[in-house]
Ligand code: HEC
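Starting off, we have a lone chain in the form predicted on its own, written out as C-alpha cells.
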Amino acid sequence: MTLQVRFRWKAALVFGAAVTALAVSGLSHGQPGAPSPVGSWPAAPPTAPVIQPPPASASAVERGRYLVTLGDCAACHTAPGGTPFAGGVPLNTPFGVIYSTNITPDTATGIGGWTPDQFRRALQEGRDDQGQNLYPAMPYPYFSHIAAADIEAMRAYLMTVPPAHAEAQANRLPFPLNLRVLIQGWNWLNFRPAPFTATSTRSAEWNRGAYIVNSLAHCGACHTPKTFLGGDQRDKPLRGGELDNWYAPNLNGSPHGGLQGWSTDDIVAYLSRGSNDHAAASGSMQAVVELSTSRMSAADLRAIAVYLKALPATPEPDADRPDPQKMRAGQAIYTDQCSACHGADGSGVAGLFPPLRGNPGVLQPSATTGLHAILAGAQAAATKAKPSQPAMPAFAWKLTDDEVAAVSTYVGNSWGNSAPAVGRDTVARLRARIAAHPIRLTKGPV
C-alpha cells in the first residue's frame, strides 16, 4: 500500500482560490502598479485563420507518443472503458469536481483546430485556444518546464490518434469558484513558469531525472504539500501531500517515511513492476504505474531513481507513544483480520502482499493511505512484468471507526514502526469522503 499516490490526483493539485484569490485577482487588476497575473492577455480572435504545420515525421510522432506516456496524459484524459484521450474523467479536488477535456484531434470538441502555439500555451501557460484560464487540475505549473521541442513532439503524436467527438462535461464547482477569472489571482500567487535549467555540477543522468520528475511526470502535483489555496508549498518539494483521499508519501531521503531505505534498483522495480520488497503500488498510484511509469525506458526509470535518491532528508518529529489499551485492541483486530496476508510480524508475503514493517506509507505523518486501504480495500497495479493484481478486501462494512483507528494505530507503532496514533473522528471523516467519492480502479494494463 505505499508510494501509493500520485493521482491523479493531480486532480487535487487544485486550482484554487475562493474569496481570497478573487481579492488578489481584483487587486492585481484594479490598483495602479500592481503586478500582472501570469498569462493575462487578450483571447485570440475566434475568426483568426488557423494555419496548421505539415504532418510530422514518423520518428517525431513516436517520440511524442513516448513523451505523452511520460506525462501520464492517459490517466486523466481517458475514462475507464472510454475512447483514448477523449476526456470525461472526473477529477475530485477539495473545491469540487473538474472533468478532463477531449485532447483528440477532433476539430469541433478536441484540439484538432488548435495551432502549435495554442497547444504550447495550454501546456506552459494554462490557457486554452480562446485564451481562457485552465484550472490547475491541468498541471501547467509543471508543464511550463517542458522543453519546446518536446511539446512539439507531443502535439505531433496527439494529432495522429483517432479523433473522437466528445463535448466537455460541465464542472461541478460552487460559486465563485466556477469563475475562471479567479485563476488569474491563483496564478499570481502560485505560478512560476520557467524553462528547465540543467545543473552543471550534476551528472547528465541526474539532470534527466530532475527534468522528468519536475516537468513531464509532474510528481510534485501529488507529492508536494499544498497551501489552503491548493498551490505548492515551494519550500517543501516532494515531502508528501494529502489528496483525493490518499496520502502521497515523502520522496526524499528521510529515514522515517522517506526513501532512505530504498536503493535505486528498488525505485526502478517499483515504478516498472508496480511493487518491490518494500511496497506495492495501489490506490492513486495504480494508474500512474500502469499507464505511465511501467512504460518508461529503463534509462529514464534509473534517471528518476538517481534524482530521487539524491534528495536530502528532512527532519521528522518523533511520534508520541500510543495508548496501550488502543494498541492491545488493535493487535487483536490485526491478528484476526490482517495477519494471514501481512504476517504476524508485519513482513508480508514477497511478491503478493506488501510488508507493513518499515513501509513508507505506514510511516507518513498522515494515516490517510492506510485508512483508505482498510476501509475501501486496495488493488495492486498490473504491469507486463507483473500482470497479477493481488487485492485487499474492504473492511468498512465490518469494522467500526474505533476498530479501524485501533488497528491502524497498532500497525503504525509495531515492529519498529513509529507513526501518530489515529483517532475515531479521523476515520469517520475519511469514511464519509470515500463514500462520496469512491476510488476509480483501472482494469490492468491498457
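Bear in mind that the values here come from a model prediction, so they are computed numbers and not experimental data. So that there is no doubt, residue numbering starts at 1 and follows the sequence shown.
The next section is about a form of this same protein that is not shown, the form predicted together with the ligand.
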Listed residue (Y211, Y157, F191, W262) with a non-hydrogen atom within 4.5 angstroms of the ligand in the predicted complex: W262
The unique member of L182, A86, A137, A303 whose heavy atoms fall within 4.5 Å of the ligand in the predicted complex: A137
Three-residue site L91, I98 and L123 fully in contact with the ligand in the predicted complex at 4.5 Å by heavy atom: yes
A405: touches the ligand in the predicted complex, heavy atom cutoff 4.5 angstroms: no
Proximity of A391 to the ligand in the predicted complex, heavy atoms at 4.5 Å: yes
4.5 Å heavy atom contact, P105 to the ligand in the predicted complex: no
Close approach of G240 to the ligand in the predicted complex, 4.5 Å, heavy atom: no
Candidate stretches 225 to 233, 159 to 167, 311 to 319, 73 to 81 - the one whose heavy atoms come within 4.5 Å of the ligand in the predicted complex: 73 to 81
Heavy atom contacts to the ligand in the predicted complex at 4.5 Å, residues of 326 to 346 in sequence order: Q337, C338, C341, H342
